[in-house]
Structures are given as C-alpha cells and as structure tokens.
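Take a look at this single chain in structure tokens; it is the form predicted on its own.
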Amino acid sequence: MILTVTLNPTLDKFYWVDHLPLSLERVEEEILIRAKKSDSSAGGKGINVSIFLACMGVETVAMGFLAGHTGQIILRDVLKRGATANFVWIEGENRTNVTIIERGKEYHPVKIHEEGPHIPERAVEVFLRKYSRMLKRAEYVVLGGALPPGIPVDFYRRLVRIAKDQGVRTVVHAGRDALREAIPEGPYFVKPDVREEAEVGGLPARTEEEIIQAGKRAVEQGVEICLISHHVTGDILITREGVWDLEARVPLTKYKNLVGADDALVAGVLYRLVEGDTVLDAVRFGMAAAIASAEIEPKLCLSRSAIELEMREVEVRRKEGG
C-alpha cells in the first residue's frame, strides 16, 4: 500500500480563456473575462498521486486535513477515483486554487493559490496517531505539497523519521523550507523543482553544475533518488550509481495543462517501482506520465497505454563523470 499525505488539500479550479488581458488602458473599466471551458477536481500533490495510483490499480490511502464544504467536495472526488481516505476534519474551509489557461499559451498558466486553513495543535496530534497506524500497512509514504498555517517548517522531517523507524520508504514531493528541512533525515526519494526555487537542500541550483552538486549532496545525506526538474521538458536524476539527463522530445505547443504533471511523474515512478522496475526505467515511465498529463486538458493522464506510447519521446542520457 502507498500512503500519501496532503496537509493542505485544495479544490483545483481551471478556466480556459481565449485571451487574458494583463492590463487595461482605461483603468476605470471593469475586467470581464469569459471562460470557454472550466473544470474542477480534488487536488494537492499527495492527493493527485493517490488518484493516479488508484487508477493504475495500486492500493493507496490519502491522508491530511479536510475542512468545510470544500473538504466534502474533495473527499467525494478522492473516493470516486478509487483511493481510500483517512483525513482529519478541522474547522474552517479548505483552500481553492485557481488556474487560468490562455489558448496558445498553455505552457504558461496563471495560478492563484489560497493559503488554506490554520491547523490546530489537537488536530496535529490526531493526525500523528493515525499516521503511525497507517504506516504499519505502507510500503511507501508520499509527503506532498505546501505546509498549511499552524504546521511547523520541520514537520516533514518529523514524518520522515517516524516512517523510517517503521521501515517505510519516504518520498518528499515538496519544495522550499519543507524540503530543505527534510533532506538531512534521508528520505528515499525527493523531487525538487528549481523552476520554483533555485536551490536544493539549502544549496544554490541555478546552473546545471550547481543542480548536480546539490543533488549529489542530498544523496550523501541518505537520499537514494533525487529527481530535479529544471525546465518544462527536462529533469536530472542523481543516485549513488550516477547522473542522468532526461529530456522530453515534445514541443511546448503540444501542452494543454501543466498542472499535475509533476504529480503524475512522482506517481508514475512509484507505480513502476512497486511493479519491480529499475529506478531508471521507473523514472522514464514517470516522465512519460508527466508528458501525457501535460498534453491533455484534464489534470492527470490515467491511461496506461497513452503513457507507454509517450515513453518513446523520453530520451535518457548518462552524463559524463556521473
């Protein structure tokens, strides 16, 4: 079973528009943008991973905090997609994240993210009890996404330690301070994105050389798989065995919705690891899942055959000296 943790779930709302004006010459006029299409679904990195895995036939349980009417909508969607849920309910309302996608500029969406509800200390205590129980059944646990108000910055580090004590492999699919704090605990798999923040584990990661050095430092601290996204169609994989470039030979014009592609990548890697693939083959499948997801308007591509077709477009090259 794969356990996922989404501490700050979201209802993802998407609007597709023909044109998105960024400014007006006459500022006294209101802005009216008519959406040609809209969609909504349960979201948050861990939840997206659970939904993908459930559709691939992998047993998965989604955990985190739910609140209010929005939380009810999120829960119904998670269950409808085949995942099991074990959330802690709190007062307030889960956040709604809005993505506006302009036709012809799908590779450059506009995102508006809410902060999310404050998590009270008593709810954290309930969550930790549930988490420890669920780990007894888990092979992997995915810690995904942003930390909500009320959660300390080192919380993922704590969750990694608890999981490792029970022999469960951990995946940290997050960024910024949450990832920086977790890496020294030695999670099994980390997925930084230096497009969002040009550092990995506190080290600068602006150039390819810096990215590789930061990834190697994470591996020295106990990380076994460090997969770093550094541009829309390219990732760098660093393990104890070496360093690889992964490139999607797909033009940006084919992309329709980039939201969720990184989550499909992580979920695809885990799916194939559970199936017994090598790390390199699993990462190649994961990248194909990300490409296939980016090429459709729904957030995640859940067709195994479509993903396998995209594997032909993933080029893997071992780097010299890596």
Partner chain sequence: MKARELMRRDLTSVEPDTPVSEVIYLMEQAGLSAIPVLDDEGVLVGVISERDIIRAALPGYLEMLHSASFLPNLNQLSKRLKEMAPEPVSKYMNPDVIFVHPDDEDLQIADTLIRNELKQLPVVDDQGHLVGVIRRIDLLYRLS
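All values reported here derive from a predicted model rather than from experimental measurement. Positions refer to the first chain, counted from 1.
The protein also exists as the form predicted together with the partner chain; that form is not presented, and the subsequent description refers to it.
- The three marked residues, 68, 79 and 90, each reach the partner chain in the model of the complex, with a heavy atom inside 4.5 Å.
- This chain appears without its partner; in the model of the complex, the one residue of 146, 134, 124, 98 with a heavy atom within 4.5 Å of the partner chain is 134.
- With the partner removed from view, the residue among 160, 83, 211, 238 that has a non-hydrogen atom within 4.5 Å of the partner chain in the model of the complex turns out to be 83.
- Proximity of residue 206 to the partner chain in the model of the complex falls outside the 4.5 Å heavy atom cutoff.
- For residue 168, no non-hydrogen atom is located within 4.5 Å of the partner chain in the model of the complex, even though that partner is not displayed.
- Within this chain, residue 75 lines the site of the partner chain in the model of the complex, having a heavy atom no more than 4.5 Å away.
- Residue contact check for residue 176: none of its heavy atoms lie within 4.5 Å of the partner chain in the model of the complex.
- Residues with any non-hydrogen atom within 4.5 angstroms of the partner chain in the model of the complex fall in just one of 219-227, 184-192, 246-254, 124-132: 124-132.
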